[in-house]
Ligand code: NDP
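One chain follows as structure tokens, the form predicted alone.
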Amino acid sequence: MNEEGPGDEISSQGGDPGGGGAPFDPDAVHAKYLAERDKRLVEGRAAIRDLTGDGVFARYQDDPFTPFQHRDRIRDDVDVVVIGAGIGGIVSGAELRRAGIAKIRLIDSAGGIGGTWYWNRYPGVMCDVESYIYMPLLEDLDYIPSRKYAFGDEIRSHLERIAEKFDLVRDALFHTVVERSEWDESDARWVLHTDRGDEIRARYVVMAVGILNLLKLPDIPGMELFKGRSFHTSRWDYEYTGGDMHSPMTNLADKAVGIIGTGASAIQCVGPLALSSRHLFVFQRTPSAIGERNNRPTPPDFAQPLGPGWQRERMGNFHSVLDGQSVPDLVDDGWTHHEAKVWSPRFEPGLSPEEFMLRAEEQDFEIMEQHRRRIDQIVEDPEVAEILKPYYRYLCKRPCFHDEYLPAFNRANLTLVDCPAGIERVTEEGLVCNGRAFSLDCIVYATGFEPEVTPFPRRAGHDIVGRRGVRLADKWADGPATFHGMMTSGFPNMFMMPAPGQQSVVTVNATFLNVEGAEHIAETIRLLDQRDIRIVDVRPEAEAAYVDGIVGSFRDVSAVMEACTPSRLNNEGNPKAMNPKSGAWGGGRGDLFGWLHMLETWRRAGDFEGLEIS
């Protein structure tokens, strides 16, 4: 089905580093990858709908899982408000409790605990990072996950148990949206106003708004015309489909279903959809690199040799392997086998920079050839297999891992539709792609969330007003400005959980960063309370010095990322728009261990260097 193009000589039959594969031809590889990229560089292909105030599609954000309950408005004064009840909010609340904070209120727009694990309940949903390092505070709850990669309901239940253990649910406000947070200088309090008419005053605010919290819906002409059922994967409509996360969706037995997207969400729910529906059409813009997951039950003796601190040690080990350090690989999965090689390539000394880059590119090619070869081994139809092959560097898109997705394409009731330029339009009966109309009963938008590097003020979703009436969105109009990636001058007594693009560091395991950030914030507040400090703010000169360090260590990789297929990792094909102020501490993805050492040293010093206290 694919037309011949430049670089077709890089056969998917070769490239296995084990031997016997096609040789790496840089010119042919570049030509092939660029040809595939150019198919997808279509103006407007990345346009998304702003669901704020959208009279037609705002309903896509409604909660289908927990009934809305009316309550009286609340007037309250607390020690700490935590905005967000996902992993970041839960571990923040737990650490604040451990620090002796009595009055804590969690606020979340969801109907309960879980964050992304509250919203994502589509069939087959599971974590793509090992459960033993992804599910937080396992030792505190004396809990071992049931599988190497836990399903979503197990993760959500675990987060609910953490919240109960640390007494965070009783005072939480669910189905509540913060509309404005404003600093009151006279009272040294943050004043929060919500859509339920609440006014909550707090000594401190912790912004744990998450990094995958903004549902992304493509802006396709005619979407409002469709007369069938449609929904986003993060608001799965089991009332329509029937079944649940682990049971067949029996209501789809006579339905033609179209799923838009082939990223992390889609690869998990395509298999269950194919098993349940009369016919499933998978509309693919760009194929994902899908490695082996090899999920399996936790061995009965897994916990036997584990001592105190085992989870933190395992978290650190995982990141050390990804950093290219010579340590035992405790996690031993696709991330540590492949991601580590392309992010932290290691070759013999003495190579020139040009030789090093060429060797790194060859290694990347060999890894991608393994992925393409795996498709040939699993998918029976050669034309379908070719469409599923990712022709770009491993660094260009977040990799996926799954063992049931590719076999689903051998089913007679599944049709893969290749549409690199995107869906042309939606009609009353279905949608149009490549000039061909598809009649559908249901459209599932597996289009994910806005990127992790979405500016914090947008992810926070409300006006944050600091001293002298300054809005954070205005202060950060040309990029973030922080101290340690978690505080910002002019916004006293406010902490932000560390996140990508926010001047901290980046790691594949976001839970590790959440745990470390929560501990730092809670310990800082404990030390401030110990000294009876009422107001703490960042000194402008300290913030400026920290920002200068971020900008000074920024590594411009736009030349590499510009050759990538458009994705959220390269700003949808426009990597030159990346802001040096959105870089990480230490450059690149950041020096996580160096950053943690800096924070610990700062806390131990106890003099609050860089802060103005009163």
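Remember, predicted model here, so these are calculated numbers, not experimental data. Sequential numbering from 1, following the sequence displayed.
Unshown form predicted in complex with the named molecule; subsequent notes refer to it.
- Note on contacts: among 268, 230, 511, 176, the single residue with a heavy atom within 4.5 Å of the named molecule in the predicted bound form is 268.
- Out of the listed residues 345, 457, 479, 218, 218 is the one that sits within 4.5 Å of the named molecule in the predicted bound form by at least one heavy atom.
- Contact check for residue 422: a non-hydrogen atom falls within 4.5 Å of the named molecule in the predicted bound form.
- Mapping the unseen interface onto this chain, residue 205 falls outside it, with no heavy atom inside 4.5 Å of the named molecule in the predicted bound form.
- Taking the partner from the other structure, the named molecule in the predicted bound form has no heavy atom within 4.5 Å of any heavy atom of residue 159.
- The shortest heavy atom separation between residue 171 and the named molecule in the predicted bound form exceeds 4.5 Å.
- Look at 464-472, 315-323, 408-416, 254-262: in the predicted bound form, residues with non-hydrogen atoms within 4.5 angstroms of the named molecule sit in 254-262.
- Residues from 188-205 do not approach the named molecule in the predicted bound form: none has a non-hydrogen atom within 4.5 Å of it.
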